[in-house]
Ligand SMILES: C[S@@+](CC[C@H](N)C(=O)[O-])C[C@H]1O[C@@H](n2cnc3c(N)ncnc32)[C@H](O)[C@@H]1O
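This document starts with one chain, in the form predicted alone, laid out as structure tokens.
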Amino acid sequence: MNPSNLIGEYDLSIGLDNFRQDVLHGLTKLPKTLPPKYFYDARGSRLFDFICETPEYYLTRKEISILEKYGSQILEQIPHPIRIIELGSGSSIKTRLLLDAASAVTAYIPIDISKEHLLRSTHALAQRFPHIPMVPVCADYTRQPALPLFDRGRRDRSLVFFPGSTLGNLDEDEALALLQSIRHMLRGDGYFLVGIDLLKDPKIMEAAYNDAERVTAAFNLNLLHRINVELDADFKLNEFQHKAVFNAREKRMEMHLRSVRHQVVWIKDVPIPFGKDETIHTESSYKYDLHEFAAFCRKAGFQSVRSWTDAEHYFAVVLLQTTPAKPNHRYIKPRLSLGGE
């Protein structure tokens, strides 16, 4: 039985045709790529939760420690009442900390591409916070920047919450386009709270994506399993290996799947040839400098209010506020691919 404050749901998710189209587009170009947003089927979402518990994966623990220590201080910077819109809500562990610290929340709107994960976590939150109306939205928010429930008549401020360093999965142009779409969604007077992973010793970053239990490897390979199941493909998972390295020039971690031999994979009736050691680039995770990040956000119409970091300066949570739009500014709806941390 659903809690009374769980007010229906919106399903704006993409269909199988989009999945097939994106997969074939990525695997028929050079170098081969796959959109990281497709990691998050039901099994992939569970595996990512396990990744967050591995000793090497510091990102989630550091972000949680910041929200636990500074959650009230963060929300004191924002005039209440507010409604919280969370992008890529996942299991919503960090959301509980934010809602615990908030004094007046008029609505919570989580948006996630994995419907099963989304509904399960929102149901749990609705029971924990029975006074807050909640509306889960299953969507690829990079393709749905102006959602129908974000009505223009409300007077409470909106806070878009984007935890987990997911912004780092995008290259510079894609990240700028997403920030612009979020600013457009917030319209005039709104706030954006985002988690970012900071530059540090490459050994620490590489270990986080190469855990000893090989959970991240299973997460990466699950993408091929999903393609097999949903698109009638014949990937042999034991003939691909997980690879994660830090690209110092681009300031990003990269995840790949490496073919261990020459082979041809069929996606239904489409052959995809692989050379020995050829890789599929499945995810990038950019690492930031705080000052450079603030300057970058100004390009999208945000000004930095304040940032908070953990004691070791591994991770940061940054609060941004919209700045007035320039005259004759024309918003262009972006088309992006987005994944997880």
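A residue's number is simply how far along the shown sequence it sits, counting from 1. Everything quoted here is computed from the prediction, not taken from an experiment.
There is another form of this protein, the form predicted together with this ligand, and it is not shown here; the text below is about that form.
Look up in the predicted complex whether F302 has a non-hydrogen atom within 4.5 angstroms of this ligand, and give yes or no.
Residue-level check for F302: no, no contact with this ligand.
Test of understanding: in the predicted complex, would R183 fall inside 4.5 Å of this ligand by heavy atoms?
R183: no contact with this ligand in the predicted complex.
If we define contact as a non-hydrogen atom of the residue within 4.5 angstroms of the partner, is D197 a contact of this ligand in the predicted complex?
No, D197 sits far enough from this ligand in the predicted complex that none of its heavy atoms falls within 4.5 Å.
Quick one: does D140 come within 4.5 Å of this ligand in the predicted complex, counting heavy atoms only?
Output for D140 is yes: heavy atoms within 4.5 Å of this ligand.
Which residue, T122, S114, S158, T216, is the contact with this ligand in the predicted complex, using a 4.5 Å heavy atom cutoff?
Checked against the cut-off, the match is S114.
Looking at 76-84, 105-113, 128-136, 226-234, which lies within 4.5 angstroms of this ligand in the predicted complex, counting heavy atoms?
Only one stretch passes the 4.5 Å heavy-atom test: 105-113.
Heavy atom within 4.5 Å of this ligand in the predicted complex: which residues of 34-57 meet that condition, in order?
Contacting residues: K37, Y40, F48.
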